[in-house]
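Heads up, the chain shows up twice below as C-alpha cells, two forms, tagged structure 1 and structure 2.
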Structure 1
C-alpha cells in the first residue's frame, strides 16, 4: 500500500516535471499586461485574450501560421509519397544496393544542418526559389526523407510478402500490388510517418530562417524567434503565439501517443 502511494507520487512528479514549464507559459499567455508584470507572479490569470488578439492579428502571426501549414503540409505529402516507394523497394529487395541505400540515408540524416546550409542556399538562389514555398518544401523533403523511409521500411518489412505475391500472380503489376494491396495494409505506418515528418517540418527553424527572409513568408517558428520588441520583450504575445503553435502538436501527441512511440522506437531497435 505504502509502495503504491510512493509510486503514484513519483509518477505525479514525472508528469509535473514534463508539463509544468510549458503550462506556466500557457498561463502567461492568458494574463493581462498588469498580471504579467506583477510580483509575486499571478497564479490564476483572468483568461484575458488580449495577447492572442495582439499576436495573431496585429503582429501577423496568422499569416505565419498559414505559411507553416502550407509548407509543412505539402512537404509531408511529397515526402510520404516518394518515401513510401523507396521504403517498399528497400524492404522487399534483398540487394546490396537496397541495403547500401538504407545506410546512406542514415548517414544523410546525421549531417549537421550547417554542413549543407551554404550550398543549399546557393542552389535555391540559382533556381530563384529563395522566399518561395517550393524552395522550403524541397528542402524539407530532403530533410524528412531519411526518417520517412526508415519508419516505412520497418512497417513494410512486417507485412507478409505472400499477399502481394498473390496479387501479382493474379495479374497485378508491382506498382498495382503496392497501391492496391500493400499501401492500404500499411495505412497505420503511413499515418505515423506522416505525423512524425509533419511535426519535424512544423517545428523546423534553421532552414526556414535562411530560406524565408521576407517577413510575409516566414513560418511560425521564425516569427516566434524573431518577435519584434521595440523597448521591452512582448512576453505575453510571444507566449500566446507559442501556445497557438504548440497546442495542435500536443493534441496530436495525445491522440497518437502509441503510434509515435512505436514509430520512433521501431527504427531505432532494429537499426
Structure 2
C-alpha cells in the first residue's frame, strides 16, 4: 500500500513537472503587457487576447501553420506508404536477418542531424530544392522512415502468416495479400505510425531552418524562433504562438492515445 502511494506521488510529481512549463506559457499568453512585466508576477491573467491577435495577424503565424500542415501532412503520407512496404519486408524476413535490420534502423535513427546537414544542403541545392516544399518533404521522409518502419514491422510481425498464405491460395499475389489482407488488419499500427511521424515533423526545427530560409515558406518552429528582435523579446506573442502550435498535437494525442500506447508498448516488447 505504501509502495503504491509512493509511486502515485512520484507519477503525480513527474506529471506536474512536465505540464507546468506549458501551463505557465498558456497563462502568460493570456496576460496584458502590464501583467507580463509585473513584479511580483501576476498568477491569474485577465484573459487578454491581444498577444494571440498579434501572433496570428502581425507575425504571420497562420501562414507558418499552413506551411507546417502542408509539409508535415505530405511527408507523413509518403513516409507511411514507403514505410509500410519496408516494414512488411522486415516482418517477413527470417528472424536473425530481421533483427539485424532493426538494429540498423535504430542506428540510423540515432544519427545526429548536424552530421548530415552539410551533404543534405548540397544535394538539395544541386537539385534546386532549397526553399521548396518538396525539399523539406524529401528531408522529412528520410528522417521519419526509421521510426515508421520500426513501428509497422512490429505490427506486421504480430499478424499470422497463415492469413496471407490463405489469401494467396485463393489467387492473390503477395502484393494483393498485403493490400487486401495485411494493411486492413494493421490499420491501428498505420494510424499510430502516421500520428507519431506527423508529430515528429510538426515539431522539427533544425532541417526546417536550413532548408526553408524564405520567410514566406518557414514552418511553425522556425517562425516562432524568429519572433525575437534585436533588442526585444516578445514573450507574450511567443507564448500565444506556442500555445496555438501545441493545441493540434494535444487534440491528436487525446484522440488516439490508446493507439499510441499500443504502438510504443508493442515496439518495446518486440524490439
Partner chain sequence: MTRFERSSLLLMLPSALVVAIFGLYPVLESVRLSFYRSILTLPWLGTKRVGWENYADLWNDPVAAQSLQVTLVFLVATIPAELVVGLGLALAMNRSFRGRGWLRAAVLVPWAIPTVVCSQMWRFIFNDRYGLLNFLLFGADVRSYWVPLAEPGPALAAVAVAEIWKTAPFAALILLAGLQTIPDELYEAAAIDGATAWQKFRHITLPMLKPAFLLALLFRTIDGLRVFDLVFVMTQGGPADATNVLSFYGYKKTFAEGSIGYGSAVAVIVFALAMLLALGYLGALRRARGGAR
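What you are looking at is a predicted structure, and each value in this text was computed from that prediction instead of being measured. Residue numbers count along the first chain shown, from 1. Think of the rigid core as the biggest set of C-alphas that the two forms share within 1.5 Å after superposition.
**Q** Just flag whichever of structures 1 and 2 is the form predicted together with the partner chain.
**A** Answer 1, the form predicted together with the partner chain.
**Q** After superposition on the rigid core, does the Cα atom of residue 117 shift by at least 2 Å between the two structures?
**A** Comparing forms between the two structures, the residue 117 CA shifts below 2 Å.
**Q** Comparing between the two structures on the rigid core, is the C-alpha shift at residue 95 2 Å or larger?
**A** Yes, because once the rigid core is superposed, the C-alpha of residue 95 moves 2 Å or more between the two structures.
**Q** Once the two forms are fitted on their rigid core, how many angstrom does the CA of residue 8 move between the two structures?
**A** For residue 8, the C-alpha ends up 5.6 Å from its position in the other form.
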